[in-house]
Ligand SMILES: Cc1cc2nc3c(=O)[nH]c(=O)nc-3n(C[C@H](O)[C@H](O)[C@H](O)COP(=O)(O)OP(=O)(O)OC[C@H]3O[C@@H](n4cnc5c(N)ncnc54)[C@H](O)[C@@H]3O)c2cc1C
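Shown next as structure tokens: one chain only, the form predicted alone.
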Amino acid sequence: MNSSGPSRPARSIAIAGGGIIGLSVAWRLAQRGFPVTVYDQSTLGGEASWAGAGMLAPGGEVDEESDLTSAAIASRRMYSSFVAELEQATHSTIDYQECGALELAYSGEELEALERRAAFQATLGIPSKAISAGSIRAFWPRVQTEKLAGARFYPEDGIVNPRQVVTALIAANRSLWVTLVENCPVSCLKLADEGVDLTSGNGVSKYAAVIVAAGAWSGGIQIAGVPQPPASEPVKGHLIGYRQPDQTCTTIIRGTNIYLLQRANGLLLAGASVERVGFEREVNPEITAKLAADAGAVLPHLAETTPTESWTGFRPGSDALHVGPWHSNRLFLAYGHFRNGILLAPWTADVLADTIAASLETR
């Protein structure tokens, strides 16, 4: 299928950005019968979706009531069926673990903040319970309990391997004849009453509507015909990985300035830094050493272990979460997910598919 040309079908949709958000939205739209083309500036799912740890953890993220909070809780509850449907559609297996999360406090101040946050989260429907040091020694024997002030367990937090989700989404989209265009950045959109002219590395193509889902790069797309959408920025994060025996880390563990989780393939991840340094990709040895030290403070055996992998990624930062139409029923935004793009993929896809279907099919 050719993604370029002078015209496109009346219900055609283009998506600028082929990460987990763009691919999830494409899948849901294609299921509704929309002709969809996804453009990505590099490799599909090769940026934040590839770099992300894959935590599905409102318990570790929610500290105030907001649109993002309600979306995160709703999307977490959708994840099991989302993964099951994707596995069935692609005959694949996705590492999805409803493992819960242990959050540790190593000072009275940290414990007070943890208990205060947990009490608020309970009002939103995010459960947790206090865990004694004795229980931690019994069920998490590798965790450092010396000087531990307290801990809580979040039973509904979980993890997923985002690389496997992206691989499955690519297959699912191809099975529905979605056009996937790699190494082809979208540079400009021009809106008119009859559609949108999209300028990419392949030239100019026309679509009924366009979704901007390019993560940290979303704000760099020039748009004519409506006000320029909110800016986006890269928020760099370092992660490190250890090859470990199975069941070394059976849940998410959150400590002071660190989180740890283990994928089914044995890779134990520790992260992550938060840096506003632009699109600078280099791995900084000082930052990875700090992550390793923090990981070793929580799981002491890691202090004697050298990380086998280290990498960086760019979270999509913005002033807020932007999911929905932007001054037109031809242009839709899907960015600003920051640390929660993987978690929010099912919710974002359903919201946009419902909104676009209602908008285009009622004209």
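Note that residue numbering follows the sequence shown and begins at 1. Computed from a predicted model, the values in this text were never measured in an experiment.
Just so you know, the form predicted together with the ligand exists too; it's not on screen, but the next bit is about it.
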Within 4.5 Å of the ligand in the predicted complex - does that hold for a heavy atom of every one of 101, 153 and 349?
no
Closest heavy atom of residue 315 to the ligand in the predicted complex, within 4.5 Å or not?
yes
Classify residue 333 as contacting or not contacting the ligand in the predicted complex by the rule of any non-hydrogen atom within 4.5 angstroms, answering yes or no.
no
Is it the case that residue 58, even though its partner is missing from this view, gets within 4.5 Å of the ligand in the predicted complex, heavy atoms only?
no
I'd like to know if residue 343 sits close to the ligand in the predicted complex, meaning any non-hydrogen atom pair within 4.5 angstroms.
yes
Spot the stretch among 110 to 118, 212 to 220, 189 to 197, 142 to 150 with residues whose non-hydrogen atoms come within 4.5 Å of the ligand in the predicted complex.
212 to 220
Mind listing which residues of 31 to 45 have a heavy atom within 4.5 Å of the ligand in the predicted complex?
39, 40, 41, 42, 43, 45
